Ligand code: STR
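Only one chain is included here, represented as structure tokens and corresponding to the form predicted on its own.
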């Protein structure tokens, strides 16, 4: 009997969705984009069958379909952008028009049904949450320390830990995640973890679990009715999110129990104060400042923020490992401009041009999210003169934009000098196609924080250490892990203390 019921459900769903696909006609009189072949029910899924990662596959369609084309994912109309000109029209010029987010099974789980910052539709509540996070990160103090002081303190701590690991190969990504988790932990919760803290090990587990199970374009997000059937991927994602929720709930409840409105020490306190103020201030979005909304924002910052920043740091270290001549040049710059009598400061950024250029080149060649989170058109509009109906999902292929041969000479080559002027100074990017954090109203809220962390950590790290391949090992293949974010393959490094640093007082 159960088998008959399941068969009936699938059959009815197929008929309904097939009919929906057949009747999904575009309004007359518009100018529409060239599209991949599409069929009832499945849309263009047959054209998307490939062993290539999604961003490379979509880039490959440029030859036949151009920089701007469309396709159907089930009955969802999708526009793909492979050129910066159209990307900036969507993100910046028409940023408010394309500020919607897709409603999928995965994003609803990640965002508590569309709350928070990353996956919420634009609204007064979304603007308030974003402004709250931004102002706390960059203008407030966490406890008695500024953001720069927190980063410098944690960078010095992890480097002291590295001193004990010089003799053996080091799993660098775990250690970088520890450093970043402590920085974000101080900002969000005014607390840090020890390297072997059970809670930190849980953070590592849920972080990687989410990355392993969240994949763009999965059938579960195309046909949402599949969530009613057994799915190991869905269950694995729910298990990872349950770990994350248990950690965040514990910290949130502790903050609520000890909250004092006249003593705001971290982002959680700042959100609780806003929640309290909303009770007496009608101008604040009270209904959108429930515990559920605040927890969703915490999940965005401590979850997605931690993952993306740890990957960017790991990629930069990876390229330093592959290019020892670049590593040496940065160290020479540090030696000449900072020396060894003090630790690097943010004010040194104006003198460390080659380090800044190396950071920029890493952000270009290895965008963490090769495909930006899809945007949704909130009204009927256009891109490049082509008609875009309300509800259209827009996918921006940042990988294609950052590897456009018309904009970047030898785009597959890691070359920091492309971000240097003839005088050797870090300068504006040579192409307007450089947009590692997006653009417009939905630009990454952690852009300034990420840049600050990259600079201060690597200036501190390279002042003290060099990195090499462990004896007898070499990396002949990047072995990237292509998922919702792009990770380097697992690797270890051999740390070497710099002779000039030994015995010096930081």
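Numbering follows the first chain given and starts at 1. This is a predicted model, so every value here is computed, not measured.
Another form exists, predicted in complex with progesterone (STR); not displayed. Remarks below refer to it.
query = Taking the pose of progesterone (STR) in the predicted complex and superposing the surrounding C-alphas, is this site open or blocked by backbone or C-beta atoms within 2.4 Å of 3 or more ligand atoms?
reply = Blocked pocket: the modelled ligand, placed by site superposition, has 3 or more atoms clashing at the 2.4 Å cut-off.
key: Interface stretch in the predicted complex with progesterone (STR) - options 205-213, 186-194, 408-416, 264-272, non-hydrogen atom within 4.5 Å   = Heavy atoms within 4.5 Å of progesterone (STR) in the predicted complex occur in 205-213.
key: in the predicted complex, the residue from 308, 290, 387, 231 that sits within 4.5 Å of progesterone (STR) by heavy atoms   = Comparing distances to progesterone (STR) in the predicted complex, the residue within 4.5 Å is 308.
key: Contact residue in the predicted complex, from 137, 252, 86, 119 (heavy atom within 4.5 Å of progesterone (STR))   = Among 137, 252, 86, 119, a heavy atom within 4.5 Å of progesterone (STR) in the predicted complex occurs only for 119.
ask   = in the predicted complex, does residue 322 have a heavy atom within 4.5 Å of progesterone (STR)?
value = Close contact is absent here: in the predicted complex, residue 322 is far from progesterone (STR), nothing within 4.5 Å, heavy atoms only.
inquiry  = Does any part of residue 159 reach within 4.5 Å of progesterone (STR) in the predicted complex? Heavy atoms only, please.
reply    = No, residue 159 stays farther than 4.5 Å from progesterone (STR) in the predicted complex.
message = How about residue 90 - does it come within 4.5 Å of progesterone (STR) in the predicted complex, if we only consider non-hydrogen atoms?
response = Because no heavy atom of residue 90 falls inside 4.5 Å of progesterone (STR) in the predicted complex, the answer is no.
query = According to a 4.5 angstroms non-hydrogen atom cut-off, is residue 373 in contact with progesterone (STR) in the predicted complex?
reply = Heavy-atom contact with progesterone (STR) at 4.5 Å: present for residue 373.
message = Residue by residue through 296-313, which ones have a non-hydrogen atom no more than 4.5 angstroms from progesterone (STR) in the predicted complex?
response = If the 4.5 Å heavy-atom criterion is applied to progesterone (STR) in the predicted complex, 296-313 yields 299, 300, 303, 304, 307, 308.
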